[in-house]
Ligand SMILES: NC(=O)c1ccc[n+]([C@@H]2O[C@H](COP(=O)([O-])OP(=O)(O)OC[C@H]3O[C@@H](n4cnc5c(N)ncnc54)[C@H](OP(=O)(O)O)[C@@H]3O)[C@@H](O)[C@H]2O)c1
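The chain below stands alone and is given in C-alpha cells; this is the form predicted alone.
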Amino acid sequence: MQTTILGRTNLTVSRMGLGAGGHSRIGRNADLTDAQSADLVRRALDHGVNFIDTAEGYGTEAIIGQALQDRDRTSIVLSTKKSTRHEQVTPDALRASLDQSLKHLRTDYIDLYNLHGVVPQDYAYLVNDIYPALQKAQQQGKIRFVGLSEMFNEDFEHTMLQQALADDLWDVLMVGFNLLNQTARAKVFAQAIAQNVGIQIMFAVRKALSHPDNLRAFTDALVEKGQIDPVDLDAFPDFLLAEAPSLPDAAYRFCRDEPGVHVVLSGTGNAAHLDANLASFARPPLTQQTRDRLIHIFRRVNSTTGQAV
C-alpha cells in the first residue's frame, strides 16, 4: 500500500482510505453482523490501510472501535465527523457528539475531526460559533486536527471549500472529485497545494462509474446539456478499459494520482470487493495520454457528481 504525508498534519496515511459510510457502510447495508464488519476493517488494516473515515451519522463508529482493539492505535489515523447539514449545531451539541464518538471508537483522541456536509450558507456560523469549540477540544487533547467535508450533491463547484481555503483554518478538506466532475482541480486543489492542506477524496466511484452501461447514460445526458462534445467520446470508455480491468479501478487510480490528493476513500461491504479495491490502489498510474484525454473530455462538466444527472 502506497503512503503519503497528509499535508500539514504530517500524519503518514495510506493512499486508500477505508470509508465507513456510503452505500455499504462496511457491510451494515449487506446484513453483515457487527463482528463480520469489524473483521472487514481488520482485513483492510492487515493489507496496509491505516486511514479510516467514519461519522456519527453512519452508525459505524462502534464497529470501528471494536475492530481496533488489540491494534497499535498510534499507527492508525481515525477521521470522524459531526453532522451540520440538517441541524444547527451548538457548541454544547458538538462537545456531546465528540465525547460520544470517542466512546464509540474506544479511544481517547481522534486524529481528524470534521464538520460534516457543510453548505455555503452555514459556513460563517460554523466558523464564528463552532470553530472555537474545536480549538478547545484540541487544547484538551481530544482531537489533533480539524477538517471539513462539503455537500457535493448541492455544491458542485465547491463554493464552501473556497471560503474555507480563504480562511486557512482547516488542516484537511474532504472533497467531491471524480473523472466526470473535475472542477476541484482548479477550484480547490491548486490553493490547497499552496497552503499544504490535506485532501481526502469522496465520490471517486459513484453510479456512473460502476458499469459502462451506467456511464453511457450519464455521458449521453451531459452531451444533451452541452457539457461534453460528442466527438470527444470516440472510443470512450474503450480506451480507458484497455489499461484498467474495470471502470471503478480506473476511477480510483485517476483520483489517486491527481496532484494535491492524499487519500481516496473507498467503501466496501464484503471481503472480495475490498480485495478488488486494494488491488486497484496497488496498480501503476494510468498513462499520461489517458489522463490527458479524460481531462479533455470532461473539461466543462460541472453539473453532476456521478450519482445523478
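Sequential numbering from 1, following the sequence displayed. What you see is a predicted model, and the numbers here were worked out from it, not measured in a lab.
From this point on, the text means the form predicted together with this ligand, which you will not see here.
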- Message: Going by heavy atom distances of 4.5 angstroms or less, which of M174, L78, A184, A164 would be at the interface with this ligand in the predicted bound form?
- Response: M174
- Query: Which one, A276, A282, A62, L241, lies within 4.5 Å of this ligand in the predicted bound form by heavy atoms?
  - Reply: A276
- Query: Picking from 129 to 137, 98 to 106, 69 to 77, 147 to 155, which part of the chain touches this ligand in the predicted bound form when contact means heavy atoms within 4.5 Å?
  - Reply: 147 to 155
- Touches this ligand in the predicted bound form: P237 (any heavy atom, 4.5 Å): no
- Message: At 4.5 Å between heavy atoms, is G260 in contact with this ligand in the predicted bound form?
- Response: no
- K142 within 4.5 Å of this ligand in the predicted bound form, heavy atoms: no
- Message: Given that this ligand is not shown alongside this chain, does A20 nevertheless sit within 4.5 Å of it in the predicted bound form, heavy atom to heavy atom?
- Response: yes
- Message: Check for me whether this ligand, as it appears in the predicted bound form, comes within 4.5 angstroms of all of S24, G117 and S210 - heavy atoms only.
- Response: yes
- Residues in 251 to 286 close to this ligand in the predicted bound form, defined by a heavy atom within 4.5 Å, in order: Y252, L265, S266, G267, T268, G269, N270, H273, A276, N277
